[in-house]
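This document starts with one chain, in the form predicted on its own, laid out as structure tokens.
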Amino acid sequence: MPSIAFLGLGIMGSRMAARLLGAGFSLRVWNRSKGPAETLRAQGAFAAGTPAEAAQGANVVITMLGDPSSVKDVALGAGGVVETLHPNQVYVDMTTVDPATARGIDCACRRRGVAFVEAPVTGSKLAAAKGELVLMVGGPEEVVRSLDPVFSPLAKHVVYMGDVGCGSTMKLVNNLAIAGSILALFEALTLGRRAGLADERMIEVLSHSALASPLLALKARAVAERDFEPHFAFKHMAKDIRLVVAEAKGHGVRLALAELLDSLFAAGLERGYEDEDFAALIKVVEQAAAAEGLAVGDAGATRNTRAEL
């Protein structure tokens, strides 16, 4: 089996790397903070001290980092990944980045004769731990197909999107749809609470309606229980929505919902929600509703006191 270097061991990356290790791959890992790499070292991985050291000797190099700037630093910075690669290696970036960043890394790899593939993912930390992610892949199709054994332990579905840039565009499309759906759900729950409806009854109805989905089940439950342990961090969804807005502007497209989401996520970051799950957006919605005299606090709802006819 090919050896793999996995760089970036956050909420998602640590679980994805563990899946590859469990599938029998020889694994080289790197992370800025040492703890996650040491955990995998104890399970049999080689913990490298630098990105370049991790990449050396690996057949496939994967990065799963926080944002475009961190990918550029690790991939293109001095002592970074790209300058250590040779034509027999494949570089796969699974970070959510803007298409321009993906294409820039692809160009740098091409100059060294190295194949580059983008493969951003959708799915929570639970999906990462179970190998049930969905990958949106861009790059040379023959190289993508050769990566099937690597992607198999990570994903339940791999969609080939086309050239580099198409995968990252699809990831932005995906996350805009998710965030927009969640905003609608949270506003609906806020209204229902104010009108005196119980969380359990609202969730029961929605879960048996056309809206039923794993996303609804997970995020509605998080709101009802006020449990914002991160499955997908608020700061990362905020970053993705910023990328959506910038990409839309680059195409001359006005997206009103994306701009609203951007402002709401920015408000949440200002209030310190960055390391909570993005379901903490409910708190921003509630606070905005409270400013109009419509919302309730974290403890629950109060019944509408208007006279009944």
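All residue numbers are counted from 1 along the displayed sequence. In this text the structure is predicted, and so the values were computed from the model without any measurement.
Omitted from view is the form predicted in complex with a small molecule, to which the following refers.
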Item to check | Among 39 to 47, 280 to 288, 254 to 262, 237 to 245, the region lying within 4.5 Å of the small molecule in the predicted complex by heavy atom distance | outcome: 237 to 245
Checklist entry - Only one of M161, V74, L147, A155 has a non-hydrogen atom within 4.5 angstroms of the small molecule in the predicted complex; which is it? => result V74
Item to check | Partner contact for Y91 in the predicted complex: the small molecule, 4.5 angstroms, heavy atom | outcome: no
Item to check | Partner contact for A17 in the predicted complex: the small molecule, 4.5 angstroms, heavy atom | outcome: no
Next on the checklist: Against the small molecule in the predicted complex, would F232 count as a contact residue? Criterion: heavy atoms within 4.5 Å.
Outcome noted: yes
Next on the checklist: At 4.5 Å between heavy atoms, is T190 in contact with the small molecule in the predicted complex?
Outcome noted: no
